[in-house]
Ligand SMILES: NC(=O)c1ccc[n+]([C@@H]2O[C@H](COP(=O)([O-])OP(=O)(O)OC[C@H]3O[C@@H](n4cnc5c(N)ncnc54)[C@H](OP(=O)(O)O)[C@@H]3O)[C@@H](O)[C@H]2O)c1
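One chain comes next, on its own, written out as structure tokens in the form predicted alone.
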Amino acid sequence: MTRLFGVIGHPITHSLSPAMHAAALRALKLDALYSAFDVPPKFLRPMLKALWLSGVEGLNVTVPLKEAVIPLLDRVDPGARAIGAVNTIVRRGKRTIGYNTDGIGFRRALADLGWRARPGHAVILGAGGAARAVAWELAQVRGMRLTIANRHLERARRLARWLTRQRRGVEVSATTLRAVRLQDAALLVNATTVGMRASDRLPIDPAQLRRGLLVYDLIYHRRTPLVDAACRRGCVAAHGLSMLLYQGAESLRLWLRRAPPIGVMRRALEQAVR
């Protein structure tokens, strides 16, 4: 019997998950399909019910459904509950369990660039859902100092207050994008949408980028102006395709309980982007 998996979101045509997961399922020689389902938020509940009735075993969840799906699940992993967002649903029998694999994907993507978890200063640009997952992951590093920089200061402050409540002892400050300073930062993460369009300017002054700074841009559809500028100034830099790869691989591991074919998934993503 063919096993069924998929991704839900709205809109969903931009998603690279089908290419990545279809390649993985073929490599594992499974009789399985992975499909994309466009699900407007108002139809989330009936669509989920229909997908479970059709035999779907697992789903990825993307915007704008990551938060809305939580009350519709039987159980939510503590990490996903704390972040307030689910990007992976596993079905075990009749029970549905929500996870968030973004943090694992982010950490493994940084490890590919030579980053190691140690005390230091990290600057996160943005204060939305992606920034929240990144901040949660970095706050688990003992001695890590975080700066949240956002166009709207109050939103950055809200994220900083949330993180301080969730992770006692972590040092978090908030500032605006214009006021951000990178002098002693070891890591810069762009979790804004600035860079998705070719016409976008840099989210910060490129003169602050310096050799030795690690720069990671969560945007994965294209190599961004921030990554280009960072490379020109001697930084180690990459865009978010590797995070997409590793969070997807962790989803597959949760669904199948077996090791995902990382190399096959990476090649499928690179081909899809090209």
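When you see a residue number, it is the position in the sequence shown, counting from 1. What you are looking at is a predicted structure, and each value in this text was computed from that prediction instead of being measured.
Beyond the structure shown, there is the form predicted in complex with the named molecule, which is absent from this document and is the topic of what follows.
Contact between Leu59 and the named molecule in the predicted bound form is not found at the 4.5 Å heavy atom cutoff. The named molecule is not shown here, and in the predicted bound form it never comes within 4.5 Å of any heavy atom of Ala237.
When the named molecule is considered in the predicted bound form, Arg222 lies well away from it, no heavy atom lying within 4.5 Å. In the predicted bound form, the named molecule lies within 4.5 Å of some heavy atom of Leu177.
In the predicted bound form, no residue of the candidate spot (Leu209, Gly212 and Ala229) has a heavy atom lying within 4.5 Å of the named molecule.
None of Arg81, Arg108, Arg155, His121 but one reaches within 4.5 angstroms of the named molecule in the predicted bound form through a heavy atom, and that residue is Arg155. This chain lacks the partner; the member of Met144, Val76, Ala130, Ala185 within 4.5 angstroms of the named molecule in the predicted bound form by a non-hydrogen atom is Ala130. Annotated contact segment (heavy atom within 4.5 Å of the named molecule in the predicted bound form): 147-155, selected among 112-120, 164-172, 147-155, 88-96. Within 4.5 angstroms of the named molecule in the predicted bound form, the stretch 172-203 places a non-hydrogen atom from each of Leu177, Ala191, Thr192, Thr193, Val194, Met196, taken in sequence order.
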